[in-house]
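The chain that follows stands alone, in the form predicted alone, written as structure tokens.
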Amino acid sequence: MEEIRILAPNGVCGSGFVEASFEKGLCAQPHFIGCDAGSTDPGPSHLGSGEPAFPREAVKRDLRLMMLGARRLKVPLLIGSAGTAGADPHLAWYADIVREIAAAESLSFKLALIHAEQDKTYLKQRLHEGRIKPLHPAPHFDESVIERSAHIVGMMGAEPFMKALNAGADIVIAGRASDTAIFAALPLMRGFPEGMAWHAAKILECGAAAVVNRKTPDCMFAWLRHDHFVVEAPDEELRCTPQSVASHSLYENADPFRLIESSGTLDLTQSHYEAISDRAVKVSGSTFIPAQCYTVKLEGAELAGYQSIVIGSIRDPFIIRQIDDWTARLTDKIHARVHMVYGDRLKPTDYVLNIRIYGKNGTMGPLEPVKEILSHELCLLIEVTAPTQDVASSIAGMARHQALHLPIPEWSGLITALACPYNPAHLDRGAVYRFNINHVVEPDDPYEMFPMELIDIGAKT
């Protein structure tokens, strides 16, 4: 093949795209459609709980259009990181939506489901063999971390997608995957240079994010050739420029010139970006350095506890002027009250109390460079994480009352310091999770961690 044409509807399935843009992309006759469906960006709760970040109806809308378009053109549809975190519950959730759409639209195809959830016995074996290595920064990792993890996934490379396509899959729904692997797989199968394939994949994986005037999540199209690729958004109002395309290599990467994948490193030091119209950019010169050892990144999440929060505002200028002292005294008061109620049954290390001050440094905390409070009111978010929801709720209730009437030297008598917009004032968040793994595995091959199912959907005619 001299050219592979690729359509990426958006950066994450469920975020939406303009149907007219997608139809225009289909008219350009892509050889396949690819879409990322997940990320660690939404945090650890989705991996820990097995719940997706996007609503079912939003995912179904996007997926339906992609499935109909792919089957109309008889080209593959590749989805990676199904259901946000790509663990087995997320994969099953996606597979159910695919079956629902297929039944409603009378579609027939071969479906590949690629699992990314990791067997704990396998991981313990690899750990014992010294084949699990830390990335920086990495938390402590041992068998107890593996055992207490709610879910652990491996981030697959392009090879499992290639295996599914070679097996005749029309639609591939994969668990946790490298975003770029979704788009690099078929070009690599067809013998296109790795540097060109992986770089085009990097631009495509976020849909229309590499344009200068992005209005809403939307489509991106690429023409991949052996010595270059061209990217252009189907929407004629969107423009790619050399700067916008080149700058996308900064997105989610510590090094804008070296992007690491399971099988090697994409090297952009010699990449050249050229405008070939006022909307399209040609990219050449990208290379790929094969890895000496194939690695698969692990992601895990464990239960951190149960959480309750109190949201309240402070309007009193006297309190605002001494907010650091006031919140420090509030923290001490809450801890003292907890000890008064629970005694030695609950140690200070058994729960976490955190007070965020929005309007001061609620977003950046101690890294906030602006030290002067410029707002006339502050929002306090009092957060309690404890071993059970009952304990978290109890401490949050104590925190609310302590904050409500905590005095300052300028006032005498009973004052009201905190205005809470909700009743009851404390909100129970339920189980909360934390990431607990930032490591890579050295497998025997790129496939052993990612078992695949092939399923015939619908009646063949």
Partner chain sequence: MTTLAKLARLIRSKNAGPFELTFDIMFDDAATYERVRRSGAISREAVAQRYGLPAAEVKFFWCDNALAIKASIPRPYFQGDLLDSDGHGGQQYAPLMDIEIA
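We call the rigid core the largest set of C-alpha positions that still match within 1.5 Å between the two forms. From a predicted model like this one, the values you see are computed outputs, not experimental measurements. Positions refer to the first chain, counted from 1.
The following text describes the form predicted together with the partner chain, which does not appear among the structures shown.
- Distance criterion of 4.5 Å from any heavy atom to the partner chain in the predicted bound form singles out T363 from the list S106, T363, T349, T121.
- This chain appears without its partner; in the predicted bound form, the one residue of N253, T388, Q322, S277 with a heavy atom within 4.5 Å of the partner chain is N253.
- Only one segment in the set 42-50, 28-36, 392-400, 411-419 has residues whose heavy atoms sit within 4.5 Å of the partner chain in the predicted bound form; it is 42-50.
- Using a 4.5 Å cut-off to the partner chain in the predicted bound form, each of F257, N354 and V432 places a heavy atom inside that distance.
- The partner chain is not shown here, but in the predicted bound form it comes within 4.5 Å of a heavy atom of I437.
- Under a 4.5 angstroms non-hydrogen atom cutoff, the partner chain in the predicted bound form lacks L188 among its neighbouring residues.
- The partner chain is not drawn, but in the predicted bound form it has no heavy atom within 4.5 Å of D88.
- Taking the partner from the other structure, the partner chain in the predicted bound form has a heavy atom within 4.5 Å of a heavy atom of S271.
- Residues A304, Q307 of 289-312 are found to place at least one heavy atom within 4.5 Å of the partner chain in the predicted bound form.
- For H115, a C-alpha deviation below 2 angstroms is recorded between the shown form and the other one after rigid-core alignment.
- Relative to the superposed rigid core, K74 undergoes a CA displacement smaller than 2 Å between the shown form and the other one.
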